[in-house]
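Below you will find one chain, with nothing else, as structure tokens; this is the form predicted on its own, and questions on how it binds or moves follow later.
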């Protein structure tokens, strides 16, 4: 279907032409005929399917008929809110008087208050800042005749569910407004919100979040934590991507990886949640314009970050949430284009691999550096470790030792149990379950029962019991502590030993 076949005014079509759109995507072809009639919709659609144009064109068409109404679009992240604002400015080219404002935290209130005082037709923002303005009577939620929730499931994952409920409670009745909800998954909470605050929404499933993106080439490397960055350098030297997005699980690691890449001559930067908003936007603009080939980010950029022609996504750390894997690699292969996603599996996050493969219903192809001819690259940042200023301050406080009140005698250190030697790996692999359990109990001093606490005042002198021959038990009864050992220490260490053995 072409946009010219839809019931769109000439002014709206001129914006469509300026945006370079001609044919509708599947979500646009199925949802626009419903929303243009003024009906509520609850749409399940994957990120990058063109849903932003659906609600923006609906809002613009309604604006042409009734210029007195206002529309509200709520987004989970600042990056997504800014992206929606930019798309709205392009699509509203046919309405020069159409006024748009974007409101989010992390920046001052002054400029945003000036936008509010000028009067707006479209309000785009994140829940926190919108509610801040509502509490100070700068925004009246009763003025909105059109409300859009974009990436609703992501908002709920980020803890905005109570805020969304608070906003809806301040609006006019569902029958007096049009509400559009878009989500990658229609979870129970999303449906409950729709049933409570929407007017008989029509449920439309269009291109749900694809568990396996067929056009993305997926690869996985097994590597130790200490060798991970060296492997990343080898991959970048081989792939030579013009644009690459690298994901880490921790903010400090994102900073460390970006700085080490810079030391090795790469133009790289990092992006995370607690950066100043001006710096975040500046970094994103550089990436989108092609002036920044490598961006290292935490999962704050997993959704709402739209970068055209992103060639490579690298999971430096396996995500701890299996759904995040799909969102991460979905940053490439947008709008039907192809892409590549490489995952580095180390001992620290290897436990997240099995849930991911169960979720995507496939085994990610495993490659070995020697087999594909990856050459070792000199790491000019070898030995560098980033220390967070905040964590360093906490560490310094903890490192200050208080003087001993018992005198200047040095206190004896508790001797730690030795860890298994490398040569024990092969022996462990041949042990039975009980043999390995006994090995760990002996190695790490795990006892089958906890010592009971004795009140010093009521303590009685221990009486020696006459020695009796120990009965031979026919069957060993496992205690809760032993079972915990099997599930915890046993599974953790044995899996690492076997993995190292299998990987040579």
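Since the model is a prediction, treat every value here as computed from it, not as a measurement. Residue numbers count along the first chain shown, from 1.
We do not show the form predicted in complex with a small molecule, though everything after this point is about it.
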{"query": "Proximity to the small molecule in the predicted bound form, single hit among 324, 264, 283, 83 (heavy atom within 4.5 Å)", "finding": "83"}
{"query": "is_contact(residue 23, the small molecule) in the predicted bound form, heavy atom dist at most 4.5 Å", "finding": "yes"}
{"query": "4.5 Å heavy atom contact, residue 63 to the small molecule in the predicted bound form", "finding": "no"}
{"query": "Partner contact for residue 46 in the predicted bound form: the small molecule, 4.5 angstroms, heavy atom", "finding": "yes"}
{"query": "Partner contact for residue 31 in the predicted bound form: the small molecule, 4.5 angstroms, heavy atom", "finding": "no"}
